[in-house]
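Presented as structure tokens, the chain that follows is alone, the form predicted on its own.
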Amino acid sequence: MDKPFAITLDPGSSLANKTGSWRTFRPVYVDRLPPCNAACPAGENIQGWLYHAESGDYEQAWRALTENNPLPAIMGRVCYHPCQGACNRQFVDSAVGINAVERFLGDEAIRHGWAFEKPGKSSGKRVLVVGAGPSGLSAAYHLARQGHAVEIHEAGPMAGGMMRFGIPKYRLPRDVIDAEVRRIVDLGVTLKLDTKVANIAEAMQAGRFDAAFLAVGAHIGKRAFIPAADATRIVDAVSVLRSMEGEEKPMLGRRVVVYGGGNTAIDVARTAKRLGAEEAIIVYRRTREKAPAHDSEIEEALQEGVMVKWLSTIKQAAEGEITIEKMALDDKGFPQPTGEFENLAADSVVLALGQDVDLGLLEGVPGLEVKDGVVQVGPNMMTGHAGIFAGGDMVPSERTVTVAVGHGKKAARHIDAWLAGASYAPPPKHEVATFDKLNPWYYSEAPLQVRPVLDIIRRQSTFEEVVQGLDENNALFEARRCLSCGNCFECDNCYGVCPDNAVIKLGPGKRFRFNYDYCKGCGICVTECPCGAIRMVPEEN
């Protein structure tokens, strides 16, 4: 920022103790919002828990993390870390590996058996959560901590929702899911498996629930009309991934074609290779750049021998083969048919074209609005029927584990307020600490700690976890790469550079204050603050 004009006075001058016209700007300490925090769909205080992690206090870091997210070991594996895309460190060398440190803390908690502190009192209110996926588990956790009696009704035989039935084991080991679910149950949450809610109004009345949170996952695979012979094997991706949790694995054959370009399509193709398919080919109508799958997932699939037919669409399926038509981009960048066809051998075709939610439990409930296959909710996550809230896949949003966890937390806060006859107002957010507010001169380059990866041979033949975690030394190093954007970490720079001795140290953890009787408004403290925690403001006369 431009330094404001200021007049330097002799400390002995008669004007030195005044704050009048001679100083046009004064420095003030501020807290800005770190960009990683601002980008996190789960609302984690990332900089806050990294602060504890970089000091080696891993349990305190885990407890600070789980104030907002009860599933760090899961999220450290499956979150696509938008926080790192916003990290200011990327403009110095590379973004902080936040996701890797989160996984380390989550795994440490499982290894040491750290448990959540149980609520000190009961509210006397009962809340029904429908669905034990990430959104439902998150809501149950936060509601239980607020003292409410929470009961989760899960239609499936195991908890986890799409984390278990939609994400393969090589990305998310099942013992990790079990451990983090068990910790939430130990908090006092009642989990009822194999309990399908056919009608939400009747279930609430029967259980005498005061409120409900609907978190049913998108378990129904979308279909597409493909002319096919009777003997052609066409299945949907959700069914394939779900069947992987049973004793009998799906029989896809030696040559598998997957139709779609999202993460589910990638997961199915990689799963097919592990099941013994000699060929796993993804057919997608657009380019790699337009594919909804994350690029890291695509890259790992290619490494494992999955092939991709970009700009292609399936026109017909016959026994033992499919016909695809090649596409070409028009002048607006949209794919158009070319009339050029190719035949591919295929023992099975897997449709990975997206998922829908079963909304049957909402029938007969007045006030609910359903649009485009999802439930409409207000800013407080409540549906059109008082006391019934919804989140995750059931509402209009991006369908990721992180977004779902954030929905659960947000809904829990609004449910808690609603049960008390009040409304929840989130605290105002500070301005984001953008890179131009920092002084990167103080930061030397420190390389990103890369997570180890399972070797290709074992990846192609087993369901062992592909991406490994950081060890303690690397996790500690990674946590210390955080720049503490926007928030004072008591580096003493302002204290050391002030030419007028106007900065007063208040003691460890208490930061500093300015003595404006001595401050001349030169702005050196602002320029030299590494993290952008000082701002110059106009002097008030």
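As the structure is a prediction and not an experimental result, all values here were calculated from the model. Residue numbers run from 1 along the displayed sequence.
Just so it is clear, the following notes concern the form predicted together with a small molecule, a form of the same protein that is not shown.
Contact here is defined as any heavy atom lying within 4.5 Å of the small molecule in the model of the complex, and by that definition each of V78, G160 and I167 is a contact residue. The contact with the small molecule in the model of the complex, taken as any heavy atom within 4.5 Å, belongs to H153 out of K125, H153, R459, R255. The partner is absent here; in the model of the complex, the one residue of L361, V374, I234, I177 having a heavy atom within 4.5 Å of the small molecule is L361.
You can rule out all but one of 278-286, 217-225, 314-322, 423-431: in the model of the complex, only 217-225 has residues with a heavy atom within 4.5 Å of the small molecule. The shortest heavy atom separation between A139 and the small molecule in the model of the complex exceeds 4.5 Å.
Heavy atoms of R182 never reach within 4.5 Å of the small molecule in the model of the complex, leaving it off the interface.
Among residues of the shown chain, T195 is one whose heavy atoms approach the small molecule to within 4.5 Å in the model of the complex.
Using a 4.5 angstroms threshold between heavy atoms, A411 stays clear of the small molecule in the model of the complex.
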